[in-house]
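What follows is one chain in C-alpha cells, specifically the form predicted alone.
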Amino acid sequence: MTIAFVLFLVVVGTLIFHIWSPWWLTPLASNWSGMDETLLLTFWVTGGVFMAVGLFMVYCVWRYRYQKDRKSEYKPEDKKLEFHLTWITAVGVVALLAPGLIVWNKFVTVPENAVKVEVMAYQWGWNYRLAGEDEILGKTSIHNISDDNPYGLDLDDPNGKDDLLVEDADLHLQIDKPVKVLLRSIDVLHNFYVPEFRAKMDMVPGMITFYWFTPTKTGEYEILCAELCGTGHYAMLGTVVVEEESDYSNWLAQQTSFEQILAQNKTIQLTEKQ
C-alpha cells in the first residue's frame, strides 16, 4: 500500500508541476505557430500516456499486493491484451508523427518571395551574407575560403561581387518579410536557433541546410547555438534585430559589399609593400 501511495503521489505531483511550472515558451515572433500547436499536442499525448501508465501501475501494485492465500498465475502470452496494446500504441504514434510531418513539410517549403540570407557559423560566432542589388547570392566553395575571402565566394562569379558581407553577430531583418536562411559551417557542427521564431537547424560542414520563417514582431531576439561545438559553445551568441522597412534599408546601406572588401584588402597589401 505504501508503494502504491508513493506512485500515486508521483503521478499527481507531476501533473501539478506541469500546470504550475514557471517554465513556458518564449513569446512567438514568427509565423510558426504550428510549432507550438505540435508541441502542445505532444504534451497532451505523452502526458496522457504517462498518467494512464502511472495510474495503471498504482492499480496493479494495490490489486496484486502480497496476500498469504493468493497464488500466482503463469501466463506468458495474452493475444487479446497484445492486440489492444498494439493498436493503442499505433494510434498514439500516428497522433504524434502526423502533425509534425505536416509542419515539417511547411518548414522546408520555401515561398518564392523569400529573401535569402546566408548564415555562416564558426567557432564561436556568426557571420552573414546578403544579396546585393541583383538580389542573387554569388556562388561559393569551401576551396575558396581564405583570410581575404572567409565566405569562399567564387571570384569569377559576377553575382557575388555585390553581395553584402556582415562580419558581425547581429543580423537585421525586415518585419513581415519571408526569409530563407542558408546555413553553413566552416569547422564543426553548429545549430542556428532563435527561440522566439520556433526555428532551428543543424549546420553541417561541407553542406548547406536551410529553413524559412517570417518575422512578425519588431524587436531584438537572441541567437543561440543549439549544438555542442566546443569550449566556447556557451558564448556563441548573436542577435536578430527585426525592424520596419525604413530602418532595415538604412542598416542595409551601411553594409560592405564583397567587391569593396576586395578593393580594401588590395589597397592594404599595396600599402604594406611600400
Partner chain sequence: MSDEFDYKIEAKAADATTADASAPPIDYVPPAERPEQELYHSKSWWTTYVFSQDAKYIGVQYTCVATAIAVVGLILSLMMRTQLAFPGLNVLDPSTYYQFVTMHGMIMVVFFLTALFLGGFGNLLIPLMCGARDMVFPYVNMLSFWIFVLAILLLVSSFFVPGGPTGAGWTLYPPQAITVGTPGNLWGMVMMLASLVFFVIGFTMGGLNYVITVLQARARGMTLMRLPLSVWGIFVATVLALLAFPALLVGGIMLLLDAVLGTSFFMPEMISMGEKLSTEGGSPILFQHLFWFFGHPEVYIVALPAFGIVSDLISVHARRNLFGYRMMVWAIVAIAALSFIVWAHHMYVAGMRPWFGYFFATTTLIIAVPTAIKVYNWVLTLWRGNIRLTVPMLFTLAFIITFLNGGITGLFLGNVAIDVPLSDTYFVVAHFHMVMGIAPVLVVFGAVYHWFPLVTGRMLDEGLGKIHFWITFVGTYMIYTPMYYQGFLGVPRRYFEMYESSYASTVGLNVFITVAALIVGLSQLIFFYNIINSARAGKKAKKNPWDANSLEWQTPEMPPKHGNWGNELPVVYRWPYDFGVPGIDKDYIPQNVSPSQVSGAKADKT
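Residue numbers count along the first chain shown, from 1. Keep in mind that this is a model prediction, so the values were computed, not measured. Just so we're on the same page, rigid core means the largest C-alpha set that superposes within 1.5 Å between forms.
As for the form predicted in complex with its partner chain, it is not shown, yet the points below apply to it.
A.B. asks: Give a yes or no on whether each residue among Val117, Val119 and Leu130 has a heavy atom within 4.5 Å of its partner chain in the model of the complex.
C.D. replies: No: none of Val117, Val119 and Leu130 comes within 4.5 Å of its partner chain in the model of the complex.
A.B. asks: 160-168, 174-182, 105-113, 130-138: which one contacts its partner chain in the model of the complex at 4.5 Å, heavy atom to heavy atom?
C.D. replies: This holds for exactly one stretch, 105-113.
A.B. asks: Would Val61 show up as a contact with its partner chain in the model of the complex if we use heavy atoms at 4.5 Å?
C.D. replies: Close contact exists here: in the model of the complex, Val61 approaches its partner chain to within 4.5 Å, heavy atoms only.
A.B. asks: With the partner left out of view, is Ile261 within 4.5 angstroms of its partner chain in the model of the complex by any non-hydrogen atom?
C.D. replies: Contact check for Ile261: no, nothing within 4.5 Å of its partner chain in the model of the complex.
A.B. asks: Report whether the minimum heavy atom distance between Ser249 and its partner chain in the model of the complex is within 4.5 Å.
C.D. replies: No - in the model of the complex, heavy atoms of Ser249 and its partner chain never come within 4.5 Å of each other.
A.B. asks: Is there a heavy atom of Glu243 lying 4.5 Å or less from a heavy atom of its partner chain in the model of the complex?
C.D. replies: Glu243: no contact with its partner chain in the model of the complex.
A.B. asks: Using the arrangement in the model of the complex, list in sequence order the residues of 89-108 with any heavy atom within 4.5 angstroms of its partner chain.
C.D. replies: Sequence-ordered list: Thr89, Ala90, Val93, Leu96, Leu97, Gly100, Leu101, Val103, Trp104, Asn105, Phe107, Val108.
A.B. asks: If I superpose the two forms on their rigid core, does the C-alpha of Leu81 end up displaced by 2 Å or more between the shown form and the other one?
C.D. replies: Yes; that C-alpha moves by at least 2 Å between the shown form and the other one.
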